[in-house]
Structures are given as structure tokens and as C-alpha cells.
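Take a look at this single chain in C-alpha cells; it is the form predicted alone.
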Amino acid sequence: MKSNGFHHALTFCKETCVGCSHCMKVCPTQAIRVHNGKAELMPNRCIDCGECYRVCPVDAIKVEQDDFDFIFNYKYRVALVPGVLLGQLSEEINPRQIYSVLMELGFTHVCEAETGAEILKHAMENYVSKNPDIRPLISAFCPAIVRLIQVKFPSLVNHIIPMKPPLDIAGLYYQELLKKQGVNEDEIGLFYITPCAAKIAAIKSPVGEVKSVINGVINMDFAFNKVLTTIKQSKSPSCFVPSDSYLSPQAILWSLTTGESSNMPGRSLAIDGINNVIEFLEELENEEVSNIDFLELRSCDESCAGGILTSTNRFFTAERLRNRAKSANRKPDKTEVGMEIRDFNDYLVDHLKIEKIEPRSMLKLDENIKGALEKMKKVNELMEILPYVDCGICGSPTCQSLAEDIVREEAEVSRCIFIQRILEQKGTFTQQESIDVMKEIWGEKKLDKDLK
């Protein structure tokens, strides 16, 4: 699904949807409406956080991924693996086994997505020190948070550090590594195994870039099942076992909560969970917080360990990654696999930055300011007659969103069940008209019950 170049990884299956409205109630940007008994997405508001996906009781919300066979369009197929995939599997299964299975499935190379974290860490430290007038600076790691700020807190977009995440740096690194070995760039396919929908959207329509270096995405639940099944069924130890590679403790922990903030200078805070983030950004926008240098904001609880496409308990995943980081807390050998990224340091630093991040309006009442102000006045007038109960029976998540929908001529005030009762008492609205409105919102089936 595309809208004005804003790609979305979440799609709603109307055939499966039962119109329960669970998704509408949890959406943090009020991007969902119910019409004819089916949930509908408003693309300009959606940030692909996946909260709707978590609560759908009938699996009517899907997360897109590229066909796995797409990887075979390339001669050199690199799997970019986030640490949380490794953390989901038992500690008895070591990273080399997982790499081996991925190569059995068809990848020719495996690179951990956090490989570029060390380079990014130093670049972010420099950016924080060179921009003392902007506080707090906000990490661009979580694409759902970047989009949240774009659509809901546009005045804060200049606080986002305009730098690529470790994933893109790892992709650039491996692309350059293979090119150095004589491989043509068009023969290299970079595929990310993603724990969330927001990263799919970020790859398909990156913010601050025309095109991502990543060629495709594989959903983590799909990869997890493939890897686990293959390891369980494997009876022969004769498969190719790649060399282990070194990753620093800081890089291993980068995708967990406090993974970035613990590395930043000054006073830093880490906040996870989309509603916690929204609450904090509202305080920041209202200038109620100060003296903070750096903010690490993540959409999911426990950050990437709690991504919607992960398969196991996020707390166990985080625990395993922390244990792995402890065992990696040693001085690396300069010849170890993974250390060669330092040879590409200057190139990667030169390609870290992205273009200025622009706000995206999710509430565009009118094209011109005068018209928008007049419509905002009408929204406020409507709010005086609406009941402020946010029941959602009108098919909009809140009374405020219904008022905005009415002003945009996408709904009628008669959708409000409280307004219906008032109009019925005044004799200007019939019971049948109320029933017809409810059928329009919730579908005929919900009102077609044989009650005795």
C-alpha cells in the first residue's frame, strides 16, 4: 500500500476482519476507522508501529515481506541478521549454527545488523557535541518513532539526529567488502530479517533518502521458524559452519532499551513503549522537560526484543543478549572476522548522514491556512456538542477524531449515538434512521440478530 510515497507494511484483510475495533482503540495516531463493519487504515496517519497487529483477534492484519525466492535474483545473497533473532533461540544454539542454517537456506553471506553500531556511536557522540543548541537530540534508530514525530510532533523533527541506523551501515559495509573482493554491485543482494513492520516501511520508503541500500526484507517469525525447524531436524554435523565473528558488547546491546543511551555523553534517557514515548514527547513539546542531552525512544516494550514479528518472550530475549554481551567483553584479536569493518571506517562515516527530516501532516483540514483555521473552529464547535466519552461506537476512535472526520466531510454528526438519542427526543430523527446509521458503521450482520 502506498500513499504519497509513504509506504506501509501493514495491510488489512477485509474478508477476515470482524469489525471488533480492537485495532482502532489501540492505534496511537488514530489511523483506523470502522466502516461497514470493517477496519480501514488512514495511510497519512499510520506509522507502522504494529500495535493494531498485536491485538487483532482474527489475524486480519498482515505484515508484508518479500518472497523468499527473491534472494535468488542475486549471485551474492547477504542476510543482515539483527541480534534479537539470535536472542530468541536457546543459548545452547550458538550464532555459528544460526549462520550455518541461513546459508543452507540460500544466503551466501551472513552479517549481523549491529556490526555498524560502533561507527555510529562515535558519529553520534560527535553530532551531540557539535550541536549544543539543540536539546535533547533524539535517536533515529526506531523508524516508528521517526514517523511518529513526523506526523504527531512536527515541531520536534529538528531534534532527530539525521543519521542512518546500524542496519544500513552494516549493509553499506558488506556491499563495499564484496566490491573490494571483485564482485559487481548489481550481483549483491542485501536482505534484512526484520523484527517489526516499521523497519519494512523504512526500507521501502526511507526517510531522508531516495532509496535504501537494503534490497529486501524477510519477516523474523518466518526466519525464526525456518531456523529452529532446520536445527531440530538436522542429524548431520557435516553442514558448512562459518567462522565466528566479533561484535562488541555495546553493539550486541544496541537494539535493546538503553543500548544507545548508555553510550551517549551527558544526561541521556531511554524510553520504550509507544504510549510512554507519546506521553514524554507531549511534555517535551510543551517545554515541561529540560536539561536532557539525548533521548533514546523505542516503539516497542524492551525495544527490538519486543518487535511484533518476534516469536519468543521479549524478556528472555533481552536476557540472552545481555549474557552474550558479557561473554564478548574482551579485547578482540585484530584478525577476527568482523574487525575488517574498520578498514571501511572513513567511507562509512562519509555516508552516515541522511537528508533533513521533514514533518508530515496527519491532520490536514484544508490546503490553505485560512481554510484550515475555519475548519479547526468548526472542530471546536462540534466538540462542544459531542459527549467526550470516546466510546468509538461512531466508528472513529475518539470524539475529537469524529469531529475532524465530520469537518473533512468523511462522517456525519448523526454517527454519534448520544446525538442520535437527542435528535430522537426532539422528533427530528427516527429510530429507523438510527438503525441505518449503525448498519453503515458496523455492517448489517451486527444488527441482524434473532433475539427472543
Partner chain sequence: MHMHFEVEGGNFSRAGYASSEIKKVLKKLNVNAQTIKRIVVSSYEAEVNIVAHARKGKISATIDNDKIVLQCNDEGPGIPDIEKAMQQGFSTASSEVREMGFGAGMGLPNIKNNADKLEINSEVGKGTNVKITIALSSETN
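Everything numeric here is computed off the predicted structure, so don't read it as measured data. Residue numbers count along the first chain shown, from 1.
As for the form predicted together with the partner chain, it is not shown, yet the points below apply to it.
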Please determine whether Asn313 contacts the partner chain in the predicted bound form, using a 4.5 Å cut-off between heavy atoms. no
Exercise: Glu404 in contact with the partner chain in the predicted bound form, heavy atom 4.5 Å: yes
Can you work out whether Asp350 and the partner chain are in contact in the predicted bound form, taking contact to mean some heavy atom pair no more than 4.5 Å apart? no
Exercise: Glu287 in contact with the partner chain in the predicted bound form, heavy atom 4.5 Å: yes
In the predicted bound form, do Gln250, Arg324 and Ile341 all reach within 4.5 Å of the partner chain through at least one heavy atom apiece? no
Partner-free chain; cross-checking the partner chain in the predicted bound form, the single residue of Glu209, Asp366, Asp293, Glu176 with a heavy atom within 4.5 Å is Asp366
Contact residue in the predicted bound form, from Met163, Ile231, Met376, Val183 (heavy atom within 4.5 Å of the partner chain): Met376
Using a 4.5 Å heavy atom cut-off, indicate which stretch of 84 to 92, 147 to 155, 188 to 196, 260 to 268 touches the partner chain in the predicted bound form. 147 to 155
